[in-house]
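Shown here is one chain on its own, the form predicted alone, set out as structure tokens.
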């Protein structure tokens, strides 16, 4: 066991890559987090970026459902050492590559050292092949979500105008802040009635986090409430592909453009992500 832990520490030190890793998260479910991840990844790929979408919502794994995919292998096969990350990659619509998730997967904290190393080795495989890795995390502040969110180069926090969503979004910021003071957090307001309502949500959340946590989160934009979104879900097709001209699609495209053009700050890439991911799981305190 000690030898396995040492190999993990050595891996953290040696990892190399170049992709920007963006974790899409939310304080609660039902705010359109996975839909945001899927459509944002496609919009970024349509703008010439090489994008991998990792379904890390280990409880539900809904990315494939929204993409209309049904893959033979998934993240569980990587964890078990049966497949490499490259071997389970599937081509998704709009030019993205998809790492299928696994519903009901055990907590990351419960995995043994070999299984955790398989996950990290798989992530390193993706690093050198893509410009962006979009991680669709679990909702909430459990360890499975926090491990990816805290490790990511950037965090995209999705919230809606509903008060419970705003409260839970603040709880997520507070959780991230407690574990990593230099985390880059950007807010996206989903299902807003209009720009005014979205601005009110942004103003409220940014002011509260600054007042009580002493930190600032940036506002990336909003996606309006649009009936075409639910229609696309029913059809098993991402709305940016099925309805490219509707308001929701235009808004996601604008957000994709901003993300691509915004330069990351702080420690990014191989060493940053892998060190933080391992430390969150308690594997590399001395890495």
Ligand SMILES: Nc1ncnc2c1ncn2[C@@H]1O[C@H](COP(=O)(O)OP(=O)(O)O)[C@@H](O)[C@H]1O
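Numbering follows the first chain given and starts at 1. Everything numeric here is computed off the predicted structure, so don't read it as measured data.
From this point on, the text means the form predicted together with the named molecule, which you will not see here.
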Exercise. 29, 34 and 229: each with a heavy atom within 4.5 Å of the named molecule in the predicted bound form?
Worked result: yes
Exercise. Should residue 57 be counted as a contact of the named molecule in the predicted bound form, where contact means heavy atoms within 4.5 Å?
Worked result: yes
Problem set entry | is_contact(residue 225, the named molecule) in the predicted bound form, heavy atom dist at most 4.5 Å | yes
Exercise. Wondering, does residue 191 line up within 4.5 Å of the named molecule in the predicted bound form on heavy atoms?
Worked result: yes
For this session: Could you confirm whether residue 233 comes within 4.5 Å of the named molecule in the predicted bound form, counting heavy atoms only?
Result: yes
Seminar exercise, completed: In contact with the named molecule in the predicted bound form (heavy atoms, 4.5 Å), from 169-177, 206-214, 183-191, 122-130, is stretch 183-191
